[in-house]
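For reference, the chain that follows is the form predicted alone, supplied as structure tokens.
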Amino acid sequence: MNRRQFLRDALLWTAGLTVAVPRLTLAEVPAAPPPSPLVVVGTGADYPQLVAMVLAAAGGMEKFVRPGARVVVKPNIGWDRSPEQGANTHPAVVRAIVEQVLAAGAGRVQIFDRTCNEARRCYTNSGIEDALKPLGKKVRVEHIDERKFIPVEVARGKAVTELSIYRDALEADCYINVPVAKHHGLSRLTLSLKNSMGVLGGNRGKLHHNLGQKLADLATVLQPTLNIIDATRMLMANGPQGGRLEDVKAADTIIASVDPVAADAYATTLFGLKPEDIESTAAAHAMGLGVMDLNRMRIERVKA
């Protein structure tokens, strides 16, 4: 099935006009990433200024968002936690990114996540919903619609052969992945690759066995246009949900890269770990989905 046919069938299916569920086979992510991916690392306590400087060093948001584009900004909004607790992406970071997307001329911006706690409480207590309300009608903070999950074949998958993926993430002209950097009791850390679980449907608990490889498999069919890791407050223990302020470290850092493996690899060092310590990073690197070796990256540092 090609993309045009998929979109037509998906719309009919959502409207209830066909019995058959559309099944999409996406073009795979190329297996030859740039030999020296750019990783921008910014530090500073003024988060809007920090986001602007990091994006400018990455080539500007206009490099990723064309006028009139449908853009998805996918933060972590999974937990009923306040911004200070570090379990979700910081609302000031999300707002600054959305403002940059609008300034680049986006026609529509969607923000969503498949939450782990009750969705309305997550969207409210994370601060993200309120932070984005003043930005106008082009910005839509949306709750997940279970009817929009589409079965997608994972042709290169080593641990999974099909995944249920949110249609709006697949249809977006530009998909910006904005994870929060934090500890995770199962995967050790949750970063760019792990944040993509927020667009998966079905029973995600089944993915927890061999999770690192399954996240790499997902990256063969869904790779964001840009990854921006929020390490402004790092949850160092008791993740992914956290809850104790003493587990949070103020790092005032943002990392951006087109290469999710490279972004994750660098972010891992902020926790005193090596890139190869994280199974998803190592698995995605082994599949040719990105660069894990810090010495092969072009690391540009900016300070706000």
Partner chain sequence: MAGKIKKPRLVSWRRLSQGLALALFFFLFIKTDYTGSDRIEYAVNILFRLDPLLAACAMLAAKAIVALMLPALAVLVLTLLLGRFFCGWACPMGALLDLLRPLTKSRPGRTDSLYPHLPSLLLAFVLAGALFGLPVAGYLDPFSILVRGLALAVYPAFTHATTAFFTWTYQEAPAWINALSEPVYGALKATVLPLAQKYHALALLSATVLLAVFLLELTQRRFFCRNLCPLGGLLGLTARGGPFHGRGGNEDCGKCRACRSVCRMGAIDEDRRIAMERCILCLDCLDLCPRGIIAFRFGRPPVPAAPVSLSRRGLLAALAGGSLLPAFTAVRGMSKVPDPLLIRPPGALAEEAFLDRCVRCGECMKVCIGNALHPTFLEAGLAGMFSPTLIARLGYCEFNCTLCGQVCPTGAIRVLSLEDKHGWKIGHAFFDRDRCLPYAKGIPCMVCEEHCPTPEKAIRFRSVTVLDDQDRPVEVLQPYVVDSLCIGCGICENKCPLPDRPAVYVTAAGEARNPDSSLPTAWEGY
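This structure is a prediction, so every number in the text was calculated from the model and none was measured. Numbering follows the first chain given and starts at 1.
Form predicted together with its partner chain: not shown, discussed below.
_Stretch from 223-231, 157-165, 105-113, 177-185 whose residues place a heavy atom within 4.5 Å of its partner chain in the predicted complex_ = This holds for exactly one stretch, 177-185.
_Is it the case that residue 206, even though its partner is missing from this view, gets within 4.5 Å of its partner chain in the predicted complex, heavy atoms only?_
Because a heavy atom of residue 206 falls inside 4.5 Å of its partner chain in the predicted complex, the answer is yes.
*Just to confirm, residue 63 within 4.5 Å of its partner chain in the predicted complex by heavy atoms?*
Close contact is absent here: in the predicted complex, residue 63 is far from its partner chain, nothing within 4.5 Å, heavy atoms only.
*Would you please decide whether residue 80 lies within 4.5 angstroms of its partner chain in the predicted complex, comparing each non-hydrogen atom pair?*
Judged by the heavy-atom cut-off of 4.5 Å, residue 80 is in contact with its partner chain in the predicted complex.
*asked:* Is residue 44 near its partner chain? Define near as a heavy atom within 4.5 Å, in the predicted complex.
replied: Judged by the heavy-atom cut-off of 4.5 Å, residue 44 is well away from its partner chain in the predicted complex.
*Every residue in 117, 143 and 242 with a non-hydrogen atom within 4.5 Å of its partner chain in the predicted complex?*
Answer is yes for this spot.
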